[in-house]
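First come two forms of one protein chain, each written alone as structure tokens, so that there is a structure 1 and a structure 2.
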Structure 1
Amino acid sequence: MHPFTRQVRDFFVSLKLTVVLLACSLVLVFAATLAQVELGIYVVQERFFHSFIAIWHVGSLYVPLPGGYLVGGLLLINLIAAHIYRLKFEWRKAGIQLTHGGLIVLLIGELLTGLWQEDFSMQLSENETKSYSESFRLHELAVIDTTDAQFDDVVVIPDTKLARSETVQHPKLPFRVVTRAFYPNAALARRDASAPQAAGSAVPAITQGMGSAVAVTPLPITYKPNETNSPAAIIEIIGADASLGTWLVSPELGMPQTFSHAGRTWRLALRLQRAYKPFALQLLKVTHDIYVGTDLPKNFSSRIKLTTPDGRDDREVLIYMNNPLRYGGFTFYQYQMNAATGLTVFQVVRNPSWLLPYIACIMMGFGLVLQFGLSLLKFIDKRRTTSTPAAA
């Protein structure tokens, strides 16, 4: 083996690496727990665990820490490498091997969940039908060609591209979309259209749409779990010959904004990121039951109609607490409800690797039972052999 290859192998097989990584994970969890007070659980998950390097703010200090992907990834490699090179398979150690195998599956499962899990929501009013779910936090700019009477042709630009002020020229758009300003969190208020934005405001001029009568006040990003950020962007549409103007887009603007260009009608909307499904749900009825004679909640349930365009599925389903709908790889949980206004919200989760933690736990449980069982048998056997001569 080449000396360098051997060095790399020894590094990854090393038990010292395991100890260092476990120590790192302790520090990481400690730092993340403290940071959660300020940042909330979602941001902490993203910054500390779904990253390679985490930056921990301690007062005015910025402390770099190995992120969850780095620690978990190295731990996974370390564990697999140890299995290949250090732990030779023996029946009497089958329990340890199985337990380690379970740990590997658990780590891979967590990695795949971090990479592939979708966690969206679907909000429905009674009799409303939807075939898409929406992100809890991510936004997108939808540029919609509404000319066709039957269909909408939609081009969506993620908010990450707006935040980087990238110019978007898509083959389906006869114009360029240029971001002039993006505010991750902003407050909107009505103002006189003829008055300028607030003095000293760096907000670019808005020449088109209802944004011209709205004052935009950028706000700091909030991390509080009970608050949400409302982004706003000022975008310019530039045709082949000239600019068509600048628009303010925000989920806060109640009315859709439309314009005409090249003989077609377009609509602009900054909205929560959507994920369309190959089926539709219609909310038929929401029910909030209470125990008779009390105000105690007994049950929250939503009766929905599930349909597919090909007509293969057309059935009613009752979704209630702890009884989600599993369909097409998605799980719809009863999440929130307002029975008074006939409104329900489902949490829509897709996690292709959802079985792995269960498999891992079974492997580890079985491995531990096997290992302790083998040790017990060995102990009994040893005791029997040592006690036999004494008896004789």
Structure 2
Amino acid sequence: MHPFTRQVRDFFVSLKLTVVLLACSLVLVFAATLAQVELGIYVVQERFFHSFIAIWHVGSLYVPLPGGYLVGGLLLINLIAAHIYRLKFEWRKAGIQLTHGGLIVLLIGELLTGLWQEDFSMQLSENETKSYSESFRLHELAVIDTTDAQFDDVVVIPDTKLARSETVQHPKLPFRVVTRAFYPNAALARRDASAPQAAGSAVPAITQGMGSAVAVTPLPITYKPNETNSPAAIIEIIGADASLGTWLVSPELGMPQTFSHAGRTWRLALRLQRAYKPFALQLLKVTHDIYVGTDLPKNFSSRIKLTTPDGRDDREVLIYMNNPLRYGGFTFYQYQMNAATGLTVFQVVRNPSWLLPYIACIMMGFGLVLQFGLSLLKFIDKRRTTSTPAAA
């Protein structure tokens, strides 16, 4: 073997690397736990564990740390290398081999979950039907052509493009959408429509729609789990010949804004990002039971009707705590409920690798039992061999 190749192999097989990586993981978890107070769980996951390099703010200092992908990836390589070069396959070590294999599957499952898992919510009122779920945090600008009475033609622009002030010219749109300002979090307040905008204001002038009578106040981004950010954007619609004006778009406005261009009717709405499904759910009934004489919850359940356009599925399903609906690669969990208003909220999760942790736990559990059994048999056999027969 070439000396350089041997050095690379020895580096990845080394137990010293394992100890260093485990120490790095402890520091990373410690730093993320402290940062969670200010940033919240979601941001900490993205910045510390779903990254290769994490930046830890300690007062005025910026401390770089190896991120979860880097630490986990190196641990995975280290474990596979040790599995190949250190643990030679023998029947008496089959349990250890199987346990290590389960740990490898567990690390791979965590990596795939971080890359592929999607979390959305679906809010339904009784007798309401929906075929889409909504993101918890991400937003999109929907430009909707409502000219045809039979259907709406929708073009969506992610909030990431709005934040970068990118000019969007979609083939379905006879105009350009230009972002003049984007606020990740903002408060809206009504002002006198006849009063001019304050001189020197950092907010661009709004000339069209209901936003012309609204004052926009940028706010710091909040990371508190019980608070949400309400973004706002000021966009300009530019046709082939001239500008059609500027609009304020925000979820706080409550309804889409309408304008006409090129003989067609259009709507603008900044809304939570949607993910459409090839099936629909209708909420039939919500149930909230409590234990007699207390306010302690006993049961949260939602009876829904699942239908598909082709008619292959048309059935009722009961979703309650610890009993989700799994369908079409999605899992619907009972998340929140307001029985007084007949409202329920499902957490919708798509995770193609959801089975891997179960497989890994089975492999490791069986491996540990197998190794214990083999060691026990070896111990019993040794005792029988070394024991002296009793005197007659």
Partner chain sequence: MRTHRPTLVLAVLLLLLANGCRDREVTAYRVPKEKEAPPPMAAAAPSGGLPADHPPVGGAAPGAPAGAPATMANTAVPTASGAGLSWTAPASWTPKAASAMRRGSFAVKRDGGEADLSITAFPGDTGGLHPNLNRWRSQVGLPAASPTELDAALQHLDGQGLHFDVIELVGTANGAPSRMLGAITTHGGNSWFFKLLGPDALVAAEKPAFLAFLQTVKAP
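Take the two forms, find the largest set of C-alpha atoms that superpose within 1.5 Å, and that set is the rigid core. Every value quoted in this text rests on a predicted model; they were computed, and no experiment measured them. Structure 1's sequence is the ruler for residue numbers, which start at 1.
- Of the two forms shown, structure 1 is the one predicted together with its partner chain, while structure 2 is not.
- Once both forms are overlaid on the rigid core, the distance between the two CA positions of residue 165 between structure 1 and structure 2 is under 2 angstroms.
- Core-superposed comparison between structure 1 and structure 2: the CA of residue 246 stays below a 2 Å shift.
- If you fit the rigid core between structure 1 and structure 2, you'll see the Cα of residue 93 move by 2 angstroms or more.
- Taking the core as reference, the Cα of residue 13 moves 3.8 angstrom between structure 1 and structure 2.
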